[in-house]
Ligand SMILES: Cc1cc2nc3c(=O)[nH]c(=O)nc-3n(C[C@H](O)[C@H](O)[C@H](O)COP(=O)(O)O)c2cc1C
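Take a look at this single chain in structure tokens; it is the form predicted on its own.
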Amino acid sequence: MTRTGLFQKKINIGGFQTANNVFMAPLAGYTDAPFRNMVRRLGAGLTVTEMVSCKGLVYGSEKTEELLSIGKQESPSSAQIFGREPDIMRRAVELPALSKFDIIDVNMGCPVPKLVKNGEGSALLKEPLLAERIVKELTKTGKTITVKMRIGLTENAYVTQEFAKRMEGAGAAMITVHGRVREAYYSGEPNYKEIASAVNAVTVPVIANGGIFSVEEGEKMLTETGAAGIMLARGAMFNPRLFCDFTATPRPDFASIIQAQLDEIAAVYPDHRFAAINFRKQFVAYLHGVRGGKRIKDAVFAAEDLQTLKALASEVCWD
């Protein structure tokens, strides 16, 4: 199979079909609607909102609802939620903010201490019965439910195969496996063997995630694991045009991409100064590995309006 063909497989998720099998992971603070629209235009087959708190939604957190706008390019649309109380999570999914999404993804892999201490995110890996109850309860909403998980909490205490089986049995239509344990966070090579164990354990699509910064690494991930597709995270955060490489399409000028993203941000967020300050971290991520990035980075962190950021985008030698 040609490289292009390898990454052009359409995936059926509970009746919804993706454009291809190269997805964008949810990233807190980065994957807002303008970013997701951008990577869809660049070739992402599926995008997911940054994770939102079910309790925050149920108890009326305005900030949480702001995270849940659907981008114009998003079909099918997917939102990621976190929590540990099945009834609260079901109530959240039934609210208008989430009910408009086609797919609901349940976070069972986030390693950050705040979530883990609350028994959420990757902490659910040690409570498989509760994780099952959550998925079963959410399927009662009639929504397509997916799960994002890790291979375990600590090295050599892997739960991948059994946990994936339980998630499929509870009703998950797709499972994304981050091939690292919780204690590794985002470091080290992903464990291909463990991801493959999930692929071999279930019949629903398994998406492989972790350590993909190039087409070559994406090819290795699919070859080593047999996964149905891959999910990019930091690789695309630093370089959204990576999606073009996977689909063998020409890379657009990056300055124009950023400027279009800033125009969309201006349309979405009424407080443009807040929007500019919030975007600075995304801009700095794009400068990762770019020649002369240090000088531009300092100017980016000093910028307080969108027009300045648009002008800075045109000063960078992106290629």
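Numbering starts at 1 and follows the sequence shown. Just so it is clear, the model here is predicted, and its values are computed rather than measured.
Below, we turn to the form predicted in complex with the named molecule, even though it does not appear here.
Heavy atoms within 4.5 Å of the named molecule in the predicted bound form are found in exactly one of 94 to 102, 177 to 185, 70 to 78, 136 to 144, that being 177 to 185.
Distance criterion of 4.5 Å from any heavy atom to the named molecule in the predicted bound form singles out Met51 from the list Met51, Val39, Leu46, Leu57. Residue-level contacts in the predicted bound form: of Ala233, Ala173, Ala123, Val202, one residue has a heavy atom within 4.5 Å of the named molecule, and it is Ala233.
Using a 4.5 Å cutoff between non-hydrogen atoms, Thr247 does not count as a contact of the named molecule in the predicted bound form. The named molecule in the predicted bound form comes within 4.5 Å of no heavy atom belonging to Gly152. Among heavy atoms of Thr225, none comes within 4.5 Å of the named molecule in the predicted bound form. In the predicted bound form, the named molecule stays beyond 4.5 Å of every heavy atom belonging to Ile277. Counting a residue when any of its non-hydrogen atoms is within 4.5 Å of the named molecule in the predicted bound form, the hits in 23 to 49 run Ala25, Pro26, Leu27, Ala28, Tyr30.
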